[in-house]
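Before any questions on how it binds or moves, here is one chain, the form predicted alone, in structure tokens.
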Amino acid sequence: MLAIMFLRQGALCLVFTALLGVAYPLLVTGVAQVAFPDRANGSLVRDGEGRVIGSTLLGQSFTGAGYFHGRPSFAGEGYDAASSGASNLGPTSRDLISTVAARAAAARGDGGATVPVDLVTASGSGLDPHISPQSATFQVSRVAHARGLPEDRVRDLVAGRVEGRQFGILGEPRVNVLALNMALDSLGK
């Protein structure tokens, strides 16, 4: 009797492993590949020659004066997804306060403008690909000057790349830094 019970449990284990561990994941992957191939493959962005240059879902490091900069990454300069995460520093942490102050001073340069908070603080994942429209606008003067473009043209480029709230109600308006920098590169300067 006990042997029969163990055989049934073993058979059930094999059946559920095959169903839930193999068949279901293959089905979901197949449906995703057919219905949403771009998203299922990581929302990769390719250049004109087909080379992968990034993803719309992960932040990248842009450091040149002629590019818009994204949020700082706790995951390091390369926005390494393997070390994704937050710093876990609290608002009274001296390390956090000095880091934010240094980032704000660097972003401000010689001016005394108030720096948008998302340019000096990392996101929870450290891999956020978006910045606020205010952060993009804050950088317009620097980028336009570095590229020799009129500020109005760069400001219009930013305005054209603002993504609204998801479904009209979720989240905040945002700008994808990679898409904005690619559009900037397409201007040619």
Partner chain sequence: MPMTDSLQLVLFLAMIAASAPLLGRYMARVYEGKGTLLTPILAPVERTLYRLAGAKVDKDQHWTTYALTLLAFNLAGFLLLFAILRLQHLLPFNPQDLAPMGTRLAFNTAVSFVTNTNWQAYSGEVALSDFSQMVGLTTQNFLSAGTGMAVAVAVIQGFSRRSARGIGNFTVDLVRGVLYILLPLSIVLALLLVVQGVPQTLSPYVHATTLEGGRQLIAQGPAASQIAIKQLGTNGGGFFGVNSAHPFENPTPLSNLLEMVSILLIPAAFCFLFGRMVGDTRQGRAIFAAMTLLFLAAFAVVYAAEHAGNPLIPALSVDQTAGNMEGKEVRFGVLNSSLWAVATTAASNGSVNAMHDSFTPMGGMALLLLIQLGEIVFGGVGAGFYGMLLFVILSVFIAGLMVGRTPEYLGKKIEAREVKLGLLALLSMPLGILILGALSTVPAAGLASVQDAGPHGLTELLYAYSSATGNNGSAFAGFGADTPYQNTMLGLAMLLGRYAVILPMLAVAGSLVGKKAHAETAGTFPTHGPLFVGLLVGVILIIGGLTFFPTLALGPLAEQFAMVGGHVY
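None of these values were measured; they are calculated from a predicted model. Positions refer to the first chain, counted from 1. Rigid core: the largest C-alpha set superposing within 1.5 Å between the two forms.
Although not depicted, the form predicted together with the partner chain is the subject of the following passage.
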Going by a heavy atom distance of 4.5 Å, is Gly160 a contact of the partner chain in the predicted bound form? no
Residue contact check: Leu149 to the partner chain in the predicted bound form, 4.5 Å heavy atom: no
Even though the partner isn't displayed, in the predicted bound form is Val140 close enough to the partner chain, meaning a heavy atom within 4.5 Å? no
Exercise: Met5 in contact with the partner chain in the predicted bound form, heavy atom 4.5 Å: yes
Determine the residues of 31-62 with a heavy atom within 4.5 Å of the partner chain in the predicted bound form and present them in sequence order; the list may be empty. Val31, Ala32, Gln33, Phe36, Arg39, Ala40, Asn41, Gly42, Ser43, Leu44, Val52, Ile53, Gly54, Ser55, Leu57, Leu58, Gly59, Gln60, Ser61, Phe62
Hey, does Gly21 budge by 2 Å or more at the Cα between this form and the one not shown once the core is superposed? yes
Does superposing the core leave Gly10 with a CA shift of 2 Å or more between this form and the one not shown? yes
